Ligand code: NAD
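Form predicted on its own, single chain, as structure tokens, below.
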Amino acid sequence: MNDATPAQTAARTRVTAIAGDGIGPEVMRATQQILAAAGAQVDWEDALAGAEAFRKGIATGAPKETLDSIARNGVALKGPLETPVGFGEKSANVTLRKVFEMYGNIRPVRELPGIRTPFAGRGIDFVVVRENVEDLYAGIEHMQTPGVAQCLKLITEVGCERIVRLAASLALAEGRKKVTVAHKANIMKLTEGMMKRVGEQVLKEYPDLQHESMIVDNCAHQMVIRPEQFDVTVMTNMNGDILSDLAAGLVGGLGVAPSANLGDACAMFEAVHGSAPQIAGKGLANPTALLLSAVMMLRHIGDFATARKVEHALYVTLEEGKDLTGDIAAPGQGVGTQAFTDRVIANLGRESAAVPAREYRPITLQRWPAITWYKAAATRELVGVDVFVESERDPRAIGITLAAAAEGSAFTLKMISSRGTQVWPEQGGNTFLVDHFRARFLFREPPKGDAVAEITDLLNRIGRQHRWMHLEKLQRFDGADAFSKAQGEG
């Protein structure tokens, strides 16, 4: 699917196989059996990640041997991994994506024959393309006070450009006609606004594609009201995480939803459903999601014929409704994983007439140079600082003390906000207060240089009466404010 070259020997491709946790080994085994029966020229290299790695004390959930295998082969197929929830360990899934800069997550959303859903018969067929490595998933979090947590939402211009170009290239490769950029730019004008602006700019370079932008909550609404309108949708990481799961629900759920993670050097194909520990080891698991992910993998390595063969064998099996696992079978007619696998193998070579044909071609991706990306501004001005302080006092008292602290400094206090709403000077209303305040200080006169001495002086003055936890510079790039205003701030 991209121009990275997988490890190949005598026309065979070596693929890292991460079976994963819970039902992972069962669905991996089933998938490998079907691919072997279809004649896929793949050699497997088994690797470990997830729960067992965490139990061994590997905080990332991904041992070095696994990372080395993926780096060596350039292609991986992965089952579900368990991730500790609410503790310090990192998600092994996120680790694998970020270590190899697999910046593009592709989630096809296609109606499958025989899968009963409220949307069956409507011919749903679109793709969610999700930026995969930045946004809130950068995972940069801090406790600001004992009761206030912060997560940094980092959106880059180059990250937006990469994912939008991937979405456009995918649309062209699959003969699709339209790309929808979903965003929350009406609220987060700098971060989500960057996705909107860059998306619109980049897509102008693709005259064969229609393009539109859509507020992401409306996009979620429209996916349920009229999913047929979508062809390719592209969005930032968290929005894409949520909407791709919503979209999977339209066509049968995560148990039948494939996924690909693409980067310049590596690609990983995975089932995005959970590890289902309640049925693990019982031979009941449905391998459809991992099998369809493997179909995407076969296309990535250029084996389009085998991909079609496997995909249609699955379609025929679903259409006939024989030997289906319990999650998709008629009540009381479910079979085990192996019987389902055997049925798909028996149907290899048959083609479904019910599923509309779609021709797939290689995705042409721009390779991004291995440099530190830098964007220069023609002009930049430092106009002030936001200082975040911890206090149990009321805003009026905080304003008095901070204004007094600024007397004789290079700064004047402009306003204080609580969770984004101005609370000093008072604007009226009933803002619920917590012990976390942002104090906005502006320079009285334009500073010379980086103003480190002036900022340090201000922090020392503030620190005599308040705890402060962090500071943000207020800058203007090319004459435009590079910071947002609080609700109510003039």
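Each residue number is its position in the shown sequence, starting from 1. These figures come from a predicted structure and were not determined experimentally.
Form predicted together with ligand NAD: not shown, discussed below.
Shown alone, this chain has one stretch from 113 to 121, 342 to 350, 74 to 82, 387 to 395 that lies within 4.5 Å of ligand NAD in the predicted bound form by heavy atoms: 74 to 82. Taken together, L35, Q41 and M296 are entirely out of contact with ligand NAD in the predicted bound form: none brings a heavy atom within 4.5 Å. The shortest heavy atom separation between D303 and ligand NAD in the predicted bound form exceeds 4.5 Å. Contact check for A182: no non-hydrogen atom falls within 4.5 Å of ligand NAD in the predicted bound form. When contacts are judged by a 4.5 Å heavy atom cut-off, G420 does not count as touching ligand NAD in the predicted bound form.
Ligand NAD is not shown here, but in the predicted bound form it comes within 4.5 Å of a heavy atom of D327. For the candidate set N218, Q278, T364, Q338, a heavy atom within 4.5 Å of ligand NAD in the predicted bound form is found for exactly one residue, namely Q278. Proximity to ligand NAD in the predicted bound form, taken as a non-hydrogen atom within 4.5 angstroms, holds for one residue of E192, D135, E311, E270, which is E270.
In the predicted bound form, I279, A285, N286 are the residues of 279 to 293 with at least one heavy atom within 4.5 Å of ligand NAD, listed from first to last.
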